[in-house]
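Shown here is one chain on its own, the form predicted on its own, set out as structure tokens.
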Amino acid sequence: MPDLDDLREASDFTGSSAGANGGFHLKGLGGQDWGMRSRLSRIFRPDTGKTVMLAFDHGYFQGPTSGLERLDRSILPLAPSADALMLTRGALRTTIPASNPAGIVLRASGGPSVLKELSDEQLTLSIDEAVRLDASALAIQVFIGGEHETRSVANMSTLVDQGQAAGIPVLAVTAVGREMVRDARYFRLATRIPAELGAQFVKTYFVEEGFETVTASCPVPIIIAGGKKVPEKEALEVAYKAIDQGAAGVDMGRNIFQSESPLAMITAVRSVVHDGFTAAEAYEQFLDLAASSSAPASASASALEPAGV
């Protein structure tokens, strides 16, 4: 067993990458099989190496969510603007047309609802089902520091083995308990462990201090979670800072589909991630698009937002 008596705080995170990546556009993944790299290229744009994912898998543990009462009304108008969709297999079959060009990131874990201990998850999707649905990647929660940490890590490792055999990458999603400290030190731990155990990319949260050390110390791409709904300007500032500090994309849900103008918001997020817009420039774009769509296109806007949201 490793000696735990002299654990020194890691500090050397600077410098450019020293490893060859075979010309692939995602760090740490150039040595993967062709099928794995092909699927990753459906998620991350080869020209930028980044992604805008639209997450709407919330119903798998909390049922109907504000803004997701009707997936056909709230999500379908947004899907063409996303590089990838993060969703459940049920939502895929019932809502998303087979002509959809976005990469499909399927939720592969679950079990407890919001009424129970959320870390008590199991695998809920077989690799055969993932192949049948032509998934671009599989997403699984990893509860580092949670009550069922070991089980979630074992679930992820099993999924990585199955995905590796089928050429399907795994997205490890860091799940943070209410009592845990959300700082760079914790997220370095929570992102490095899944990467060491084979996850091809990791989803985590942005932190104001030291986020660049989180991305630097993770040998595979990191995308950030949108988190709770905040004002559009604040969400765009977080997206800009994360990309500027090494993130390979964003996976936003509530900050897009609960926005006052969801289509304008996802367009502004794309401008930050792919076009190099600053947060201020993207927010101005959001305001302009929201204003132009609210006049004659008010019916379209209401279709994006169910009454009462």
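Please read these numbers as outputs of a predicted model, since none were measured by experiment. The numbering used is simple: start at 1 and walk along the sequence shown.
Here the subject shifts to the form predicted together with a small molecule, a form of this protein not shown in this document.
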{"item": "All of Arg37, Val105 and Ile168 within 4.5 Å of the small molecule in the predicted bound form, heavy atom check", "value": "no"}
{"item": "Proximity of Phe206 to the small molecule in the predicted bound form, heavy atoms at 4.5 Å", "value": "no"}
{"item": "Distance check, Ala225 to the small molecule in the predicted bound form, heavy atom within 4.5 Å", "value": "yes"}
{"item": "Non-hydrogen atom contact Arg254 with the small molecule in the predicted bound form at 4.5 angstroms", "value": "yes"}
{"item": "Interface membership of Ala55, the small molecule in the predicted bound form, 4.5 Å heavy atom rule", "value": "yes"}
{"item": "Heavy atom within 4.5 Å of the small molecule in the predicted bound form - the one residue of Val202, Met86, Leu236, Val142 that qualifies", "value": "Met86"}
{"item": "Single option in Val173, Ala135, Ala190, Met156 placed near the small molecule in the predicted bound form, where near means a heavy atom within 4.5 Å", "value": "Val173"}
{"item": "In the predicted bound form, segment of 260-268, 24-32, 245-253, 277-285 with a heavy atom within 4.5 Å of the small molecule", "value": "245-253"}
